[in-house]
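First, one chain by itself: the form predicted alone, in structure tokens.
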């Protein structure tokens, strides 16, 4: 079966040091999850070309379907993500004429001079396709390395999100078969997680393709409250919805037998 593995690298000293809240990690993880990809990790790294390229090489060795990076595409001295991508993939950085046109157009609209620092943003790894940035100056990069797609986007959230929704996600849907994902969460009162674990284990023996997670919300001994999360996927939405409904029904029945009261999750 073709790989559906995906990884996210959020890059920048300010992210690692906690000076900027890493909203890009949550956004990208959620969008990839909704596409039915298997998100195995989100790694935050400082702006160090050697370090970033080392991690990229390691991930490329796994032959995942997608690696998405955010940050480090701007005009400043520390914006060197594409240099790291080029090093990790063994490709030279080259001036991309399409990317340069994107930068020039942004400069004209803003009345800015095309400086050396702005031209720097048009250098992409050889073979990359530039991704248009509708709200900023730095183009993104779509690079296919064997069976893996390496997508590099700016770190500014509004730019990343606009590029993802307007260009990246539609293209991903074209090249990766869609897998429909359906989620359901319900609450059970009166059953501690340690007792619910037996029911979850029993259901998973029957439905080994689903994911179930319990989240304690109350006092485990005196007033146990659990949110139960169920995830299933299928080749079409109806198949996934039916599987979630069936698994949820089995869980609720078992938890009621333990004296649990079922409610909607808050």
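Numbering follows the first chain given and starts at 1. Note that the structure is a prediction, hence the values are computed from the model and not measured.
Another form, the form predicted in complex with another copy of the chain, is not on view; read the next lines as being about it.
- Using a 4.5 Å heavy atom cutoff, 29, 58 and 208 all lie near another copy of the chain in the predicted complex.
- The chain is drawn here without another copy of the chain; in the predicted complex, the stretch among 63-71, 223-231, 48-56, 237-245 whose residues come within 4.5 Å of it by any heavy atom is 48-56.
- Residue 39 belongs to the set of residues with a heavy atom inside 4.5 Å of another copy of the chain in the predicted complex.
- Within 4.5 Å of any heavy atom of another copy of the chain in the predicted complex lies no heavy atom of residue 258.
- Put simply, residue 212 is far from another copy of the chain in the predicted complex: not one heavy atom of it is within 4.5 Å.
- Using a 4.5 angstroms threshold between heavy atoms, residue 43 counts as touching another copy of the chain in the predicted complex.
- A shift of at least 3 angstroms brings the Cα atoms of residue 26 and residue 208 nearer to each other in the predicted complex than in the displayed structure.
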